[in-house]
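Consider the single chain below, provided in structure tokens and representing the form predicted alone.
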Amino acid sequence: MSNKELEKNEVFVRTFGCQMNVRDSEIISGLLRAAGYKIALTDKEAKIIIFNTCAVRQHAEDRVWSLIGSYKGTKIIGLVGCMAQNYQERAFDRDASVSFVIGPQDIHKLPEVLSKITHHSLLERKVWETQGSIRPEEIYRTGFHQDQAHTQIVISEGCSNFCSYCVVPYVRGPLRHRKFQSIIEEIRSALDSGISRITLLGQNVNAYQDGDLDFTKLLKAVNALNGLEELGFFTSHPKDVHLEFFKAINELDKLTKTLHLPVQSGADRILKLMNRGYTRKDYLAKVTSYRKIVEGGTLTTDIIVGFPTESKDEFEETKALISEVGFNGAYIFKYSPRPNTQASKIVPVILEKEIQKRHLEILNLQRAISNKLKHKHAKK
């Protein structure tokens, strides 16, 4: 198929979920553009729609299926990412308009898959690729960046923490670290193209390790690169933060003085059921160290309300922790059971009405804290 013919097959990529998915969509766009496809700005002009999906919460999945159904067979539809890995071949039974299914570790196969799809008749075009385990390093070298000033750089893939509520290890596989030199080369290439702000990404970014090079050493190496103006990272796990890491945040001149440190719950029994690997006391001690070392540093978190068997007293412990820490901001989620996870087997579950009530309480509490901190900062 000629380049002109390929360009007629305009592709629109719609992204759901985390920053990792945002970066994956850039990679997908770069791969397809290099193969001769045109990346559409909207779904209207596109012949092919790729849904790059999240499987962390049921609500996100339901929204994707609803949007797929809205096209009613008028487009070639691809399901990519975490939902694709979860459903695999079953996606075709869930909605017959889905033409191809590709897991997160197989996105490099997209140009080949689309070639198969566009060369076959409507009844035959069902393709799925969900057996990959390691991404080829070259997929990070397409040079495609949606934002000409900022880009995100994946430093590790997958996760091996197996938090009991989380589907990520099942859909993205175990933790795998990219080579230090490959990361540096990708960042240098981005800087050479005019990008000046970099965010390092990983499901558990501060667990990074390549031989004797850990995340703190990587931060120092990136901070020293010419052309870089601002450096950030997302997201950290409390069990992997330490004093040297906090010192790097404080000392590195280009590194933003902010830390996203998900606590999830303020109750030790729930933290143990979640398999988080720390206690309330551990978490608070690390917050104290961070604030002592990184003067003026901001702190944000994640909270899950309504985890199975969470008592009212345990919910109050979470509220108390939020008040004690005084987070600048928080992502507050209602517990959503996910397939394959240990938490989905825990009974009894909490009634949805009670979860809604607790969710609203935490939202209002955090909103009040955030507003107070903003007002205090504005006065300075």
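The structure displayed is predicted, hence computed values, not measured ones. The first residue of the sequence shown is number 1, and the count goes up from there.
There is another form of the same protein, the form predicted in complex with a small molecule; it is not shown, and what comes next is about it.
Visitor: Exactly one stretch in 312-320, 51-59, 66-74, 24-32 has heavy atoms within 4.5 Å of the small molecule in the predicted complex; which is it?
Guide: Checking each option against the 4.5 Å cut-off leaves 51-59.
Visitor: Of the residues Gln264, Thr216, Ser156, Gln152, which one places a heavy atom within 4.5 Å of the small molecule in the predicted complex?
Guide: None of the others qualify; the residue that does is Gln264.
Visitor: Name the single residue among Phe245, Tyr140, Tyr165, Phe180 that comes within 4.5 Å of the small molecule in the predicted complex, judging by heavy atoms.
Guide: Looking at the other structure, the residue within range turns out to be Tyr165.
Visitor: I'd like to check something about Asp302: if you look in the predicted complex, is any of its heavy atoms closer than or equal to 4.5 Å to a heavy atom of the small molecule?
Guide: Looking in the predicted complex, residue contacts with the small molecule include Asp302, since a heavy atom lies within 4.5 Å.
Visitor: Any of the heavy atoms of Gln105 lying within 4.5 Å of the small molecule in the predicted complex?
Guide: No - in the predicted complex, heavy atoms of Gln105 and the small molecule never come within 4.5 Å of each other.
Visitor: Is the gap between Asn328 and the small molecule in the predicted complex 4.5 Å or less for some heavy atom pair?
Guide: No.
Visitor: Looking at the partner-bound form in the predicted complex, is Thr118 within 4.5 Å of the small molecule by any heavy atom?
Guide: Close contact is absent here: in the predicted complex, Thr118 is far from the small molecule, nothing within 4.5 Å, heavy atoms only.
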